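In structure tokens, one chain follows: the form predicted on its own.
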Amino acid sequence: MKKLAPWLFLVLVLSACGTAQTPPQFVTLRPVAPPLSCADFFPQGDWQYVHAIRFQLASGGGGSAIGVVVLSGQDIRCALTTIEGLTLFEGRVKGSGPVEILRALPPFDRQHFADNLLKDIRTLFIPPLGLVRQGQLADKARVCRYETANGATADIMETKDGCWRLQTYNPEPQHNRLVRAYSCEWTAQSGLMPSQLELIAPGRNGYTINLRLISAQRLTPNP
């Protein structure tokens, strides 16, 4: 555990250096069958997910952990544990409010770590806040483009294997993220739920996080 904690702290706190990017141009989406629904990319209602997590620093090194995420609207509660079950971190955030650390072992008790961890979780599981438009890229991929008040853009699009990927474009390039989802299964409640997720923070000080789904439990009754 002594070796795990420093690496897990670094992988989620280090800022990724990069070159500024701009979103690719797209054309207005013509009517297609079946129609693209931006809601299909995200779970509906409240959920609890448990993932096996592997992470790798761009500079080398890495480790593993178990992650638990509880979603309730825009609210998030999460925990990181060792494989043996020792809780390293537990925190929550309500909407756009501050991140609250509920339990943490050093160095996971630092606010900067908690803020970055919850931002990555929000990127993975919750639709971006802002104006959304539908379109089509040059490669014919259908895309939902979210534009936020702070000037950031997030494109989430279909992939040929029936799953999705997400790319963010921020005024500060070190905050950009690329997410790839694999082996998706669609239901009206879960959306396109992937069995595997990969989040990449690019740059010299970047990192890659791989999540393998262990369990998914819907916490609200079916409509």
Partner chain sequence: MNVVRTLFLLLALTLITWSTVSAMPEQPRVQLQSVQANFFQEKHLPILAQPITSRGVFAFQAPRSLRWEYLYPVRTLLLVYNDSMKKLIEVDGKLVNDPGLATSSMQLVLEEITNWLAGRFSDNPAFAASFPDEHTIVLTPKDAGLAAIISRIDLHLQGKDGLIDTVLIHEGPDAFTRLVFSDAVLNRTLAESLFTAP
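All figures in this text were calculated on a predicted structure; none of them were measured in a lab. Residue numbers count along the first chain shown, from 1.
There is another form of the same protein, the form predicted together with the partner chain; it is not shown, and what comes next is about it.
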| item | value |
| --- | --- |
| Heavy atom within 4.5 Å of the partner chain in the predicted bound form - residue from 93, 78, 114, 124 | 78 |
| Proximity to the partner chain in the predicted bound form, single hit among 38, 192, 68, 57 (heavy atom within 4.5 Å) | 68 |
| 4.5 Å heavy atom contact, residue 98 to the partner chain in the predicted bound form | no |
| is_contact(residue 86, the partner chain) in the predicted bound form, heavy atom dist at most 4.5 Å | yes |
| Contact flag, residue 52 vs the partner chain in the predicted bound form, heavy atom cut 4.5 Å | yes |
| Touches the partner chain in the predicted bound form: residue 62 (any heavy atom, 4.5 Å) | yes |
| Location of the partner chain contact in the predicted bound form, chosen stretch of 149-157, 114-122, 78-86, 128-136 [non-hydrogen atom, 4.5 Å] | 78-86 |
| Check all three, 48, 105 and 214, heavy atom within 4.5 Å of the partner chain in the predicted bound form | yes |
